[in-house]
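The chain below stands alone and is given in structure tokens; this is the form predicted alone.
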């Protein structure tokens, strides 16, 4: 699982592009994905941050804001929760998206130094029913190519990523399995209690990761 986590970190946050095949449309899923990660590359290659571990936190903040431009965290949250999402109140949905986004950011941005120059080949895009798409890529590690599939949804004229699948493991499905073990919809009382437990666990995990990441950042500055 540690290896998968490292790969997720690289492909979600730190992809570098390697041209193989590009779609023609300016608003195609592949073009959208490439444009999004290009913004991340520019931050990582910025001399202001490169080789300056004391600025890792500032660099991570800029990467975080860039990722939000092409990742749909609301769609990712909805799919990770599954059918119980329909019973969440609007306030609970907003709260969940906020916590889950923090969890993903703390998990993957905390491993930002895992990146060691890997590149990604963009192979093809497939559009399904006009508003869903998959972009097939390969992570070029040097030893072997690892297939990575990005799933995107068209919302308000923009293609945004809502899932990433690596070596048969979907980011959404991975978390959905974990959340399904917490959420209990057998009765209204059980559902209310399990939602409270879910939010508490997410909040606790976010704080733990934040503490760990801050400690790591402090060590890097020394």
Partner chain sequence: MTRTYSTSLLAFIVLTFILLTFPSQVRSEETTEPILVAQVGSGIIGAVKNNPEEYAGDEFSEDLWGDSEHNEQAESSDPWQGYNRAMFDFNDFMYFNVMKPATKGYMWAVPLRPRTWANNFFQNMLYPVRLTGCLLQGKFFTAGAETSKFIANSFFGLGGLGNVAGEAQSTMPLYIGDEDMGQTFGVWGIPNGPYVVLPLLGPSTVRDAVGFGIDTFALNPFWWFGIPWYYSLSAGAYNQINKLSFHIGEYESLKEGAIDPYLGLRDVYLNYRAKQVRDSRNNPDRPKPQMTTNPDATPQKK
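Numbering follows the first chain given and starts at 1. From a predicted model like this one, the values you see are computed outputs, not experimental measurements.
This next part talks about the form predicted in complex with its partner chain, which is not shown.
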{"item": "Candidate spot 167, 179 and 198, all three touching its partner chain in the model of the complex (heavy atom, 4.5 Å)", "value": "yes"}
{"item": "Its partner chain contact at residue 94 in the model of the complex, heavy atom, 4.5 Å", "value": "no"}
{"item": "Any non-hydrogen atom of residue 205 within 4.5 angstroms of its partner chain in the model of the complex", "value": "yes"}
{"item": "4.5 Å heavy atom contact, residue 42 to its partner chain in the model of the complex", "value": "yes"}
{"item": "Residue 63, heavy atom within 4.5 angstroms of its partner chain in the model of the complex", "value": "no"}
{"item": "Contacts with its partner chain in the model of the complex - residues in 27-46 whose heavy atoms fall within 4.5 Å", "value": "30, 31, 34, 37, 38, 41, 42, 45, 46"}
